[in-house]
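Given next, in structure tokens, is a single chain: the form predicted alone.
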Amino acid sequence: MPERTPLYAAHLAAGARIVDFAGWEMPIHYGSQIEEHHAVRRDAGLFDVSHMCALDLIGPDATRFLRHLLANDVAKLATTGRALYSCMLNESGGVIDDLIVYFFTPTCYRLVVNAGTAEKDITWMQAQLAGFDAKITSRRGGEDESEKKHALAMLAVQGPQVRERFWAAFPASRAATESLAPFHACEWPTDKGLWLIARTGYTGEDGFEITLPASAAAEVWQKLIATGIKPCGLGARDTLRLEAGMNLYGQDMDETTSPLDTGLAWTIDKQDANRDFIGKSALATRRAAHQFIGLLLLERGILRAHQKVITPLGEGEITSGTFSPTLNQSIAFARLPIGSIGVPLGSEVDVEIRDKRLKARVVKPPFVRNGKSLL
């Protein structure tokens, strides 16, 4: 039986086309994926991301545990509400998942993990907790009344006009959120429970990601829509994130790939030589086997995952590809042979599409940021 978020009825009422995504019945679009994409780049869009999973980590050893669990170092989170992006690795240095961790106190954190990996992630984290005085609690909800009572929903509002639209809907939140720097969050008490409002996102645009009691989600959704914010589905979310140069778990990385081979070496923090995190020893003897780059198709066609890329150094593979509505061209991430120097930026390679070889230029992601082309 597929899972549904608290907004499932609202999606149907808005005319959404529902698809299965990682076992969840989610909207792919509400009529036009392209219009929803442009709404986020040019104005304001609203996504239901409640299928993702919020986890609370609480206990005296919470900080020590996360410094062991994650490749990035939570010790750099010195300010309440500060967020950190990190990979969670297995002993071989493969990526179990990528996640965001929010710092509240040294004994209290919030983690947000991907929808399709949540159960696997929780099992892995619980197994690593042995010897640490801390507890992980899922806030996704469950079958019993206590779990339902504490279940959370998540909304992402993204776009250049989002903050003003959000404050129009919730004027009292302005004082708490106006000075929020990117990748920071604050807790905002309301008569419908405590909200976590984070200035984070997955689109390359300004905006908020709001975690709130599931019981309040439908009313908040309607209130934001009433300000003119356009509901957007997972289709637009994917084209936006690829333009913004952001990886997707399961396509651009998985348990068999290292962060070194998927453009995420910057998330591995080895500043503290005394910190031993899971996967560190494997990475110490492992060098990047591929270069992870962007491709811009120079001919008519659509780049898709698993298409073959032919370079002077050998064959590579596209991991994510799509048509970019902002650039009006096809773009992709690809994993290419690295050789001694790699395939230079600006050079041309061939992509095999339906038995034809089409020319593509090697570029450095991201492709688009804040509505502007970076190419």
Partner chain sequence: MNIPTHLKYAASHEWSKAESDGTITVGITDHAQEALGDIVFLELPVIGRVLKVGEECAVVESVKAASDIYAPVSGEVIAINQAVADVPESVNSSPYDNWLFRIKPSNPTEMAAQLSALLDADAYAATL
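Since we're looking at a predicted model, the values are computed, not measured. Residue numbers count along the first chain shown, from 1.
We do not show the form predicted together with the partner chain, though everything after this point is about it.
Undergrad: Within 4.5 Å, heavy atoms only: does residue 33 come near the partner chain in the predicted complex?
TA: Although the partner chain is absent here, residue 33 would touch it in the predicted complex, with heavy atoms inside 4.5 Å.
Undergrad: So in the predicted complex, does residue 262 come within 4.5 Å of the partner chain, heavy atom to heavy atom?
TA: Contact check for residue 262: no, nothing within 4.5 Å of the partner chain in the predicted complex.
Undergrad: Taking the partner chain as it sits in the predicted complex, is residue 302 near enough to touch it, meaning that at least one heavy atom pair lies within 4.5 angstroms?
TA: Answer yes; at least one heavy atom of residue 302 falls within 4.5 Å of the partner chain in the predicted complex.
Undergrad: Hey, in the predicted complex, is residue 364 touching the partner chain, heavy atoms inside 4.5 Å?
TA: Although the partner chain is absent here, residue 364 would stay clear of it in the predicted complex, with no heavy atoms inside 4.5 Å.
Undergrad: Quick one: which of 47 to 55, 321 to 329, 63 to 71, 339 to 347 gets within 4.5 Å of the partner chain in the predicted complex, going by heavy atoms?
TA: Every other range fails; the passing one is 321 to 329.
Undergrad: Please identify the residue among 200, 117, 239, 247 with any heavy atom within 4.5 Å of the partner chain in the predicted complex.
TA: It is 239.
Undergrad: Heavy atom within 4.5 Å of the partner chain in the predicted complex: which residues of 1 to 24 qualify?
TA: The one in contact is 17.
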